[in-house]
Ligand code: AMO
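Shown here is one chain on its own, the form predicted alone, set out as structure tokens.
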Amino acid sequence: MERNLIAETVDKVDEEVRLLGWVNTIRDHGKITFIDLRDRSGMVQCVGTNLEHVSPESVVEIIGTVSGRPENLVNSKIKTGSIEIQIKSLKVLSKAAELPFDMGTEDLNLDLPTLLDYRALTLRHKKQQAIFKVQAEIINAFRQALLKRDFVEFQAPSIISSVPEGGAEVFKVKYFDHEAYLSQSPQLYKSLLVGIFERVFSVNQIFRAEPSVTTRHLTEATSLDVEFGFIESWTDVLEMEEYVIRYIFSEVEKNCREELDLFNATLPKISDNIPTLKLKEAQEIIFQRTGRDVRQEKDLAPEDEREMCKWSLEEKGSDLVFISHFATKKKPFYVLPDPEDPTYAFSVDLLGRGVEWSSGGQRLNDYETILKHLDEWGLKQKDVELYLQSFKYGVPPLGGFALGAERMTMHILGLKNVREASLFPRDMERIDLRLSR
């Protein structure tokens, strides 16, 4: 007998079905036992008498007849709430040990360390699964949005020979008889590939050896990177990013309604256009609104990012806001300075719901200027030889951006810690298991 998925059972009243799945919950009333069975398609109530003992999370085979529930017993909260399965036989395929906590609750109320210590188990809970269904939709929508605009996908290497970008600390790795590093970003590779494919994107793991123990930082994160050529202005980058963001929100809204409802989540508001402010303008607004004088700072602190998101929502009706023109020397060597004031660059951050979602901007494409910047930044040409090779032979004006998949997921669903939005988070104290145990 072929397997039936649980979602199919609503159309099979009075038919016999064979279901395979996990025992979600058990309600034993003496001779009569109710089992909520789940598989990848949903959950259904099964009813039987004189069943052998079975434990929650055990994997079972149930053969039974689909019957309609009386109207007063219909469960409108689930898609199969109008039917139940009258069990004819139950076979345990894999018995689960006693659970360390109750997995049958609506909310898995565990502290974060426990949630992560038992990751192989807690990910089975519907709310945990919902997080990563939303994240999968974000990544899929990112990919589809760019394919519709004639971009080519690529995969950048994670092992690199040098550290040309500066900024975040990096992980050294032993590479045979040589020293290498884990990549902080696919930036140099995607810029190089603009000279080949013109429009490229990637979904890459990036690694940051920053000694940060915060609710917003991960050691390994998923970066959604975009780069494209023949741009007329740095504002072309913003227009492309806004298109991608709107596409992602639309697909999540359309395909993840059930998952959003589990978290009482609403998608971020966007006005007709995402507001754009220069850093100096943002700092002046912060001063006027709060009295805090950050007008001489080279970047926005977390408190500043939160304040600018509040301003954007209150004044522009948008949960998102672009902040541009950061100090050139605080950015990597490839940023394009603004000709009107070269101390500031055509670099842009996207802030959403109080935190940075992405960074990007327009890049240098003039070979001689890139060489000059390398010297000014104290970098060696040999460390970016392959990158330079591309620009030596001609690359069009280009720009791009990179979104953080985990941060987007976190702030769409209103999670408290970015580790909740990572399937298997890595931080200073965890590589699957806590290192200090």
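Fair warning: this is a prediction, and the values are worked out from it, not measured in the lab. Residue numbers run from 1 along the displayed sequence.
One more form of this protein exists, namely the form predicted in complex with aspartyl-adenosine-5'-monophosphate (AMO); it is left out here, but the text below deals with it.
For the options 307, 165, 319, 236, the residue carrying a heavy atom within 4.5 angstroms of aspartyl-adenosine-5'-monophosphate (AMO) in the predicted complex is 165. A heavy atom within 4.5 Å of aspartyl-adenosine-5'-monophosphate (AMO) in the predicted complex is found for exactly one of 194, 252, 218, 146: 218.
aspartyl-adenosine-5'-monophosphate (AMO) is not drawn, but in the predicted complex it has no heavy atom within 4.5 Å of residue 352. None of the heavy atoms of residue 338 is located within 4.5 Å of aspartyl-adenosine-5'-monophosphate (AMO) in the predicted complex. Within this chain, residue 187 lines the site of aspartyl-adenosine-5'-monophosphate (AMO) in the predicted complex, having a heavy atom no more than 4.5 Å away. In the predicted complex, aspartyl-adenosine-5'-monophosphate (AMO) stays beyond 4.5 Å of every heavy atom belonging to residue 283. Only one segment in the set 360-368, 151-159, 104-112, 270-278 has any non-hydrogen atom within 4.5 angstroms of aspartyl-adenosine-5'-monophosphate (AMO) in the predicted complex, and it is 360-368.
Contacts between 397-417 and aspartyl-adenosine-5'-monophosphate (AMO), taken as any heavy atom within 4.5 Å in the predicted complex, involve 400, 401, 402, 403, 404, 407.
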